[in-house]
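So this first bit is one chain, no partners, the form predicted alone, shown in C-alpha cells.
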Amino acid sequence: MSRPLRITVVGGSRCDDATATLAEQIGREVARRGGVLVCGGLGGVMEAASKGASAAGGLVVGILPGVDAREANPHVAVPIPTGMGEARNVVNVRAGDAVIALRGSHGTLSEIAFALGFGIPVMAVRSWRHLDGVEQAETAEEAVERALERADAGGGSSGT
C-alpha cells in the first residue's frame, strides 16, 4: 500500500501577512498534490499552512508541544499532543518526508538542523539563505514540487 507523502512546514509562531499568505499557498499546494501537511499545530506559519491545506481538502497533522489537543489551531484535523515542549521539534521533523521552511526564529532553525542531520530534504522559501544543504525556492509551487520530488526519491524518513 502506498502512503501519501508527508510534508512538514516549519516557521515562526508569529508572522507578517506576506509570510502567512505564502504559508497558506504552500499548505494548499501540498493538499492539491495529495500530500499530508505536518506542522507544529499552533499559530503563525503553522496556522496559515494548516488553513491552506484544510481549505483544499487536505489532511493536517499537528505535533503539539503541550498535552492538550485543544491547543491546536482550528485547521488541524489530527492533533498529536506530545507534552515535550520544544523537544517536539524532533518529532515534527521526523514525521515528514521533506521539510519546507519559512521565516522563523531559533525553533525553526533547530527544525532545519534536525532535518539536515536526519537526511531529510529541506526547502527554504524566501528565507534561511546561505545554509549548507538547504535548497532555495522562490514560490510555494516550486517548494512543494521540489519537496515532493526529494521525498519521493527516498530522501525522506518514511522509505515509501
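The numbering used is simple: start at 1 and walk along the sequence shown. Only a predicted model underlies this, so the values are computations on that prediction, with no experimental measurement involved.
A second form of this protein, the form predicted together with another copy of the chain, is not displayed here; the remarks below concern that form.
Enquirer: Considering R94, R33, R103, K51, which brings a non-hydrogen atom within 4.5 Å of another copy of the chain in the predicted complex?
Expert: It is R94 that has a heavy atom within 4.5 Å of the partner.
Enquirer: Applying a 4.5 Å heavy atom distance criterion, does G43 contact another copy of the chain in the predicted complex?
Expert: Output for G43 is no: heavy atoms all beyond 4.5 Å of another copy of the chain.
Enquirer: Do A55 and another copy of the chain come within 4.5 Å of each other in the predicted complex, heavy atoms counted?
Expert: Looking in the predicted complex, residue contacts with another copy of the chain do not include A55, since no heavy atom lies within 4.5 Å.
Enquirer: Using 4.5 Å between non-hydrogen atoms, is S127 touching another copy of the chain in the predicted complex?
Expert: Because no heavy atom of S127 falls inside 4.5 Å of another copy of the chain in the predicted complex, the answer is no.
Enquirer: Is I63 a contact residue for another copy of the chain in the predicted complex, using a 4.5 Å heavy atom cut-off?
Expert: Answer yes; at least one heavy atom of I63 falls within 4.5 Å of another copy of the chain in the predicted complex.
Enquirer: Does each of R3, N73 and I80 have at least one heavy atom within 4.5 Å of another copy of the chain in the predicted complex?
Expert: Per the other structure, all of R3, N73 and I80 touch another copy of the chain.
Enquirer: Select from 93-115 the residues with a non-hydrogen atom within 4.5 Å of another copy of the chain in the predicted complex and write them out in sequence order.
Expert: Residues within 4.5 Å: R94, A95, H106, L109, S110, A113, F114.
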